[in-house]
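Okay, so we've got a single protein chain in two different forms coming up as structure tokens, structure 1 first and structure 2 after it.
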Structure 1
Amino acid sequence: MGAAHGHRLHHHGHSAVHRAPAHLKILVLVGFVLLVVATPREWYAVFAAYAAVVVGTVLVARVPLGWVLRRMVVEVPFLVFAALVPFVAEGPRTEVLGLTVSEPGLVAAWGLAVKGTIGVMASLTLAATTEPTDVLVGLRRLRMPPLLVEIMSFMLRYLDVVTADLGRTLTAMRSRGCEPRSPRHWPVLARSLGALFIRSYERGERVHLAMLSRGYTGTLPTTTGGHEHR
């Protein structure tokens, strides 16, 4: 979904959460969310405890809660879906606010909403407290294949360049009375995307040649230090 892409999710700070090694944070995040997903949805008190852990982490990180909440809009389409589940699910019916809904569906909707929300909030906490370069170092430490980490690092490095390129094209289209989102103007949009692909691909070739001229042999030199600065 389109909201708040880019590096804008990072919230600069120097808290203990910010300073913790990235690979630890990723491991904790994955373990924690797996635990949340595996917890039976009828254990209501346990979910309150999970939520308290996430909110507590956000507070310790000194990231404003409102800042995190605003960025949780990525979750909205999914919450709409969760709200539909009681109406389409099977099982005995029950009355809520004058509407007839499925009882197990209601419980399932609660499970979907609470697990999804805690997951999104936990992931946002990682994004808010960890620089992209640190995440890459963390992933490398977690034995993610080096080539995959390299691809990711190139993508992150040129993400703003490519998206800004597209942004300028869209602005130019709009200034000429063209609405890129409308299917009527898809042919124009598609030509712009085609041009963007060619530009991105050729940029990749130029980057590769520039790397070769600087002694690239097929793998990037690995940084030895635990902490990488930009």
Structure 2
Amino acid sequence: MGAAHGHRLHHHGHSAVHRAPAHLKILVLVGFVLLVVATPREWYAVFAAYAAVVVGTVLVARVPLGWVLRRMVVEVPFLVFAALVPFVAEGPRTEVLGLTVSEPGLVAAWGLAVKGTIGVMASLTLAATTEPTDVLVGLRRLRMPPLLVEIMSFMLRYLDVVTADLGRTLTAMRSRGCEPRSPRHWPVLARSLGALFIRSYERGERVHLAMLSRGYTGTLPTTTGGHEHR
């Protein structure tokens, strides 16, 4: 059950991108994102090339573009923030679609939006072509601090458990006439989320004590993912 949650971002396939070692894909992603961030905002053609590289990788991996685009909704709050920048930034003003905006703010908004979009799409491509367990193995091979890897491992393992608890809590609230989306019931929702946090914290303590009683010394046995052992 543990890593099942991670499969929601993973698109099963047998392409060359899927088969590539996880640690190599992580290095390529980090290098690519750093390159995108370091590129001046005025190099518009270069950003078009970056986008073409990401889209080409998605196509080579045989991951449907619609599948990736639907999961990019996580970027919406960031894009909303970028859209506000031209209205609050200082500097020479210009008119766009009947609205007076800041020219430097417009360029800054473009830079934030295009760099963020390319970075999110590249990250989703990694998630779509790499099993969560393979990502952890890749991070170990890259000598990431073991404690951080263990934390991420437990996060993957118990995220589904916490999500299921949240789903049951929301179902119980609705069955009692309490709609979580209504502002009138937000105080009830806040108290329910607080209780969920406490239950999750206590579950973590029980799991930790159970592990210690079974000889846990701070390091879990290393497992290899589906592609790492080849």
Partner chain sequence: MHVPDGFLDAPTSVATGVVAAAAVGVALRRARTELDDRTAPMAGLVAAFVFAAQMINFPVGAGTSGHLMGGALAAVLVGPWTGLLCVSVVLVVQALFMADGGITALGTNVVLIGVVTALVGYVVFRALQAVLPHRLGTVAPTAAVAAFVSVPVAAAVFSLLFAIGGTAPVDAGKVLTAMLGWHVLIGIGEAVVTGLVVGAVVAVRPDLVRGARPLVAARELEIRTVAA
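Owing to the predicted nature of the structure, the values given are computational and were not obtained by experimental measurement. All residue numbers here follow the sequence of structure 1, with the first residue given the number 1. Each form is matched to the other, and the largest set of C-alpha atoms that superpose within 1.5 Å is called the rigid core.
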Kindly point out the structure, among the two, that is the form predicted together with its partner chain. 1
Whole-degree angle by which the smaller rigid part turns once the larger is superposed between structure 1 and structure 2: 17
Core-aligned Cα shift of Pro187 between structure 1 and structure 2, given in Å: 6.8
Once the core is aligned, what is the C-alpha displacement of Leu148 between structure 1 and structure 2? Give it in Å to one decimal. 2.6
